[in-house]
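Just the one chain here, the form predicted alone, laid out as structure tokens.
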Amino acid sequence: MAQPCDIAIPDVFGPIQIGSLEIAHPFVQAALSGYTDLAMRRIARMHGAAYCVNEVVLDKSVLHDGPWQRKLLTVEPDDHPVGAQLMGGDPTTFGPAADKMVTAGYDVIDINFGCPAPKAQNRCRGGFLLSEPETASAIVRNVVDAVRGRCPVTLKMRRGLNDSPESERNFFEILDLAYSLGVAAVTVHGRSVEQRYRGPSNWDFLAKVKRHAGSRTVLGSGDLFAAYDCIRMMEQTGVDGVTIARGSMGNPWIFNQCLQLASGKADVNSLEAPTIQQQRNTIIRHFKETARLHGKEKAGKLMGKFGVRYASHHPKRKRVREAFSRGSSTEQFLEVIRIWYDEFT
């Protein structure tokens, strides 16, 4: 369903290597909890994303029999390469979960040491593990052992739990041990865990990490809301690629825009915003993919959170956003499309 990208890119923005896996270009669809299901990944690929990461899942969910587990362990033929991002706090369950994900057909296992959500911190998961180098290292070791070279293992990290020197020491201790154990790449978000999404992402720290890592693959994250931001991060920090998270929500066009800038086919001033018709086509396709995945009755409600994001591209963004936010059914969602994307001039 998704078509491979055929745009030639200069070497500086060319393919990136994640272990044995070559990714066509360095602009990655990041994992987004509650967003990057199969439907969103298909839309991202349609607009140029070459590599996508599934929304973060708890390791214990992968091990628990039931409909959700079966959905997690189903990888469609057109959804490659795709990463599985795992989160948890118990080193003993990470390995078996990773084994199941690899057996199911995921191309990469990504370990989440970056989630800043209070719920994750309270349960000693995600970014909390940056304060626990021994536990974090045990998790990495168990996952690498369980995968046994069948696919690359990667990490998602923030620059530390907080701004303290101890936090930075813990970060680099975990980073170095991860690389020594065979982790193929690390994604680093430039904010601390305690910072969550407040204030700017520290791109100087990303540059420091890349200098420290040398030839090993480092991807950058944080404050990537436009294609130019992605190019600028790579040029300023030297990271090998970028993972686009919040900047891709309701904005799949960012991937092709990155490719246009990277290939020299466009500059910042000549990038074109999606037309109303292009927006409509993408939203409808996203709706159909969501209906196929979750059922038509659920699709309208599930698409509401995407609709308010897509609305930011509409000339009447505030009114369209409000219209999407009021809807709670498939009929209401499609009515917003009819009024604001079919009849709007």
Ligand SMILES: Cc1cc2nc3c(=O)[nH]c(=O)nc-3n(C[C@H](O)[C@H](O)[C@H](O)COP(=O)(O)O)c2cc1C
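Keep in mind the model is a prediction, meaning the values are calculated, not measured. All residue numbers are counted from 1 along the displayed sequence.
Heads up, the form predicted in complex with the ligand isn't pictured, but that's what we're talking about next.
- Exactly one stretch in 162-170, 176-184, 244-252, 130-138 has heavy atoms within 4.5 Å of the ligand in the predicted bound form; which is it? The contacting stretch is 244-252.
- Task: Check, residue by residue, if V56, K156 and G222 all come within 4.5 Å of the ligand in the predicted bound form, counting heavy atoms only.
- Result: Yes, the whole candidate spot contacts the ligand.
- Give a yes or no for Q85: in the predicted bound form, does one of its heavy atoms lie within 4.5 Å of a heavy atom belonging to the ligand? Judged by the heavy-atom cut-off of 4.5 Å, Q85 is in contact with the ligand in the predicted bound form.
- Item | A49 within 4.5 Å of the ligand in the predicted bound form, heavy atoms | No, A49 sits far enough from the ligand in the predicted bound form that none of its heavy atoms falls within 4.5 Å.
- Close approach of V28 to the ligand in the predicted bound form, 4.5 Å, heavy atom: Taking the distances in the predicted bound form, the answer for V28 is no, it never comes within 4.5 Å of the ligand.
- Would K210 count as touching the ligand in the predicted bound form under a 4.5 Å heavy atom rule? Contact check for K210: no, nothing within 4.5 Å of the ligand in the predicted bound form.
- Message: Using a 4.5 Å heavy atom cut-off, which residue among N202, Q257, Q195, N112 comes into contact with the ligand in the predicted bound form?
- Response: By the 4.5 Å heavy-atom cutoff, the listed residue in contact is N112.
- Query: Given that the ligand is left out here, which of L32, I276, L293, L302 has a heavy atom within 4.5 Å of it in the predicted bound form?
  - Reply: Only one option qualifies, and that one is L32.
- Select from 177-209 the residues with a non-hydrogen atom within 4.5 Å of the ligand in the predicted bound form and write them out in sequence order. Contacts from 177-209: H189, R191, Y197.
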